[in-house]
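Below sits a lone chain in structure tokens, taken as the form predicted alone.
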Amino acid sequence: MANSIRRFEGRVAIVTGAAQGIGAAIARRLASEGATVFAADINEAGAEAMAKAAGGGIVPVGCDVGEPDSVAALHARVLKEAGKIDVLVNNAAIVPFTPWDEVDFAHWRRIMRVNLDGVFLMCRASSDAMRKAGYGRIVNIISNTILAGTPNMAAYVAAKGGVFGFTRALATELGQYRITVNGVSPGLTASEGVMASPHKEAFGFVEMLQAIKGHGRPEDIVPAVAFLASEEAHWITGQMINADAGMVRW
């Protein structure tokens, strides 16, 4: 797991939804560059397996990001064990495949609770700790579906659109504390969750729209996240980087 680049030496990071997919890839990368990474996931056993396989630098923690008490407990543990929070990556999300005619309020709230409410709760708690230190990097994983208007994902697109707007607003609120808030917007990515869903059938169509051909992997999303989470990105805030092989160009 050694990495010659050590941008995160001495830094403490929280990555949500880190048991698999993009979140796991981000957690591994930050740890390989020296960070102590708290890998938070509602699937605590999955987070533990990922951390064990990574070989060091990652602390698995069970957390339901849509539950205020669970988020509070996560932050209390991080601050007790590590003393600070330098980096927050909000990756946890539910990715549905639900036609509009089947979207009811229960479905809508289930998606919003994790994908939007969870980002608020995590940012609320982490930014409070970051403000005391006068330093912080928040990276929200958004989605290029907010630009493409992808079907069968109405609640998801709405939630991620909310995260995009929230990212811009929070950047304005927190800039005075030297805290940056940015987003990374993946395209269709061959994570475990996607490959176990009907979304896996869309790779051929999506590839036709991409400027760079191929199928996105979790590791393809990581470099943009790692850059925005680093000290190098100190003059960048309120932005969204599309990491989708040029499917959406804006």
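One-based numbering along the sequence shown. Since the structure is predicted, the reported quantities are computational estimates derived from the model, not experimental observations.
Although it is not shown, the form predicted together with a small molecule is what the next lines describe.
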- Any chance residue 64 has a heavy atom within 4.5 Å of the small molecule in the predicted bound form? yes
- Message: in the predicted bound form, does residue 48 come within 4.5 Å of the small molecule, counting heavy atoms only?
- Response: no
- Message: Under a 4.5 Å heavy atom criterion, is residue 160 part of the interface with the small molecule in the predicted bound form?
- Response: yes
- Message: I'd like to check something about residue 229: if you look in the predicted bound form, is any of its heavy atoms closer than or equal to 4.5 Å to a heavy atom of the small molecule?
- Response: no
- Choose one stretch from 27-35, 49-57, 187-195, 204-212: the one whose residues place a heavy atom within 4.5 angstroms of the small molecule in the predicted bound form. 187-195
- Give a yes or no on whether every one of 19, 22 and 95 sits within 4.5 angstroms of the small molecule in the predicted bound form by heavy atom. yes
- Item | One residue of 129, 114, 155, 179 in contact with the small molecule, assessed in the predicted bound form (non-hydrogen atom, 4.5 angstroms) | 114
- Message: Exactly one residue in 123, 142, 85, 89 has a non-hydrogen atom within 4.5 Å of the small molecule in the predicted bound form; which is it?
- Response: 142
